[in-house]
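Form predicted alone, single chain, as structure tokens, below.
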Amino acid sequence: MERTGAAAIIIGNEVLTAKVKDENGPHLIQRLRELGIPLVSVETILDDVDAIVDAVARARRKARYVFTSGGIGPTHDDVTVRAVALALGRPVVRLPEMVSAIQARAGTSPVTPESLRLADAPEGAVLLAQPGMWFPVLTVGDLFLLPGVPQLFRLQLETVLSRLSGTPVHLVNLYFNLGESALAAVLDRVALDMPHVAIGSYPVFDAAMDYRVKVTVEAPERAHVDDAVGRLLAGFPADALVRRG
């Protein structure tokens, strides 16, 4: 199977126990969407070496790019580096350039063994300079190890995304006052005739809304989207469409 798009692994006991609300997954989804890189999966797992190894292996089988969030740091539960190294079949090494950066940041303060854990990385890792931050982005091939703190995650993510490229999709939203059952036959027909266009149907059950179903039509080619929208609208009464966006 061809490896395409990206996969995300959100790592942290705090997320799975509701101590912290995950902000990184939704932000990554939005940014990849804007860049035009399809996201094939998002998985949230514990700070557990075996769980991370399994998740990384699954993600690498299906996605070209893999993003991890969390488990990067000097404390006992920061096990992402070790787990990723195991998943890749590589040893953990201490990067001299990171040791120098840690020592420079410490200044006259002693450098503790715990703080030096920040210099550990899977063998073959590459550091991407992070503007405005002393700690670089840690990458191994197309696998990007990002921190769990949302502010840091967002900064480092932009450094990564500046090096990637995708194919942005064109999207049209159609809002109908009909239920899904009344829309289904036409949606089925157009989706079958145009497999290169993604068509989604999303009902709402809120009486305060002015529509009953939102239909999304998207594809890399604008002409294909316009064609699909035209076919859909031709299949329904003119007054069924509340609005488009």
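Start at 1 and count along the sequence shown; that's the residue number. These numbers were taken from a predicted model, which means no experiment stands behind them.
Not pictured, yet referred to below: the form predicted together with a further copy of the same chain.
With respect to a further copy of the same chain in the predicted complex, the three residues 158, 222 and 224 uniformly fall beyond 4.5 angstroms at the level of their nearest heavy atom.
Per the 4.5 Å heavy atom criterion, a further copy of the same chain in the predicted complex is contacted by stretch 113-121, the sole one of 138-146, 158-166, 113-121, 93-101. In the predicted complex, a further copy of the same chain lies farther than 4.5 Å from every heavy atom of residue 210. For the chain shown alone, residue 109 is not a contact residue for a further copy of the same chain in the predicted complex, no non-hydrogen atom being within 4.5 angstroms.
A residue is said to contact a partner when one of its heavy atoms sits within 4.5 Å of a partner heavy atom; residue 228 fails this definition for a further copy of the same chain in the predicted complex, lying far away. Mapping the unseen interface onto this chain, residue 41 counts among the residues with a heavy atom inside 4.5 Å of a further copy of the same chain in the predicted complex.
Shown here without a further copy of the same chain, the chain has 171, 180, 181, 184, 185, 187, 188, 191 in 154-192 lying with a heavy atom within 4.5 Å of that partner in the predicted complex.
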